[in-house]
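Shown below, as structure tokens, is a lone chain in the form predicted on its own; questions about how it binds or moves come after it.
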């Protein structure tokens, strides 16, 4: 039985109430026992991080590189083991779990290199004899609040740049799936981080998260989660004294456009992957499939056939294509939206059935709605489950208009063999990330991740663009 304790000032803390971390594929399987952190422990973690910041922010690039690279090496060496842990606690399939762990290792390798690539500028002043230097520095103690759907990749792409650029960290992972983040923090701790540089406090957002938002010594908050909570985070950061820097990733209602000239097989694979893999529990999932009338019926028939062949079962079983929903609450939400879609007049063309397997779990058959209009709630609100809606349109112009008619703007895609339409869509889709003839869920680890409108606020995550959030710019003048 694993014990998921908190790490504060370099010490593992086992004090506190405990609760089970339950496998959604088999609710009889307890992955580990979770120690619930408190507001007082969060405050202690912030104090430790504040104490560690001066030395860590001035550590040499080589010191930071060595630690991050050592962590990367261990993550990659243990990807199968850690992937199994991730799949047991979150419910995504074992290949997806291993792939996510590998991505975390690659992220740390990239940001190890960023430690050595920190650049500045030296400019001549308009005043004779004066030199100007422009540099970037860490901002201080950073609070990281991460979601349950990517329990190691998202903590990795927040922790790695925070440390690389000289900040100290207090991370609060989703209390639903803390094991993967605990394993990541354990690896970093043993890779040589000085005490207090990285602190882990597992607990409820109303207690631990609130403590980070309200603490005056937390300089910045990076949050990934729901829109409603994101707005509360923003309001708290603005109201705090001193005001906190904040970064929000809050979800999407992402369109995948399929035009008459699309390769049908490519379009179906893009839709199946984007809408249903990872049980649809991705902020980049394609929940709106916008299809022109000439290919609509063929596309719907082919997609229904494709998803009917998907195996929904225990996440770690060989051959499983889609695992369970993460917990009962999320399952209830998915079922509620299935009922809403039917009430609104949409046609449930396939799936949506609650499934039973060998062990008790939160299994749901992927659901495909047709006869959907873009004004329906199932086309406006993020469901965060294996539910997709097909919206029939007349032509490309209408498809683009419908794609952009949303409060969100995270990811968007198009399937077409036309360079003209592909180019126009890349230019005019109101999204932070655009894919052509590819699944819209997922981006490479070395490029920026983020969206527009209601999906994101603040600088991008990942890649060199992460420096915009995790550093502050200093301009220094010298008169020799």
Ligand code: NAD
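Residue numbers count along the first chain shown, from 1. Computed from a prediction, not measured in an experiment: that's the story for all the values here.
Although not depicted, the form predicted together with the ligand is the subject of the following passage.
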Quick one: of 240, 404, 229, 135, which gets a non-hydrogen atom within 4.5 angstroms of the ligand in the predicted complex?
229
From 361, 255, 209, 161: within 4.5 Å of the ligand in the predicted complex by heavy atoms is 209
Testing 126 to 134, 149 to 157, 188 to 196, 393 to 401 against the ligand in the predicted complex with a 4.5 Å heavy atom criterion leaves exactly one stretch, namely 149 to 157
Find out whether any non-hydrogen atom of residue 352 is located within 4.5 angstroms of the ligand in the predicted complex, and reply yes or no.
no
Interface membership of residue 175, the ligand in the predicted complex, 4.5 Å heavy atom rule:
yes
Can you check whether residue 213 is within 4.5 Å of the ligand in the predicted complex, heavy atom basis?
yes
Look up in the predicted complex whether residue 205 has a non-hydrogen atom within 4.5 angstroms of the ligand, and give yes or no.
yes
Looking at the ligand in the predicted complex, do all three of 86, 278 and 315 come within 4.5 Å of it through at least one heavy atom?
no
What residues, if any, in 379 to 397 have a non-hydrogen atom within 4.5 angstroms of the ligand in the predicted complex?
382, 384
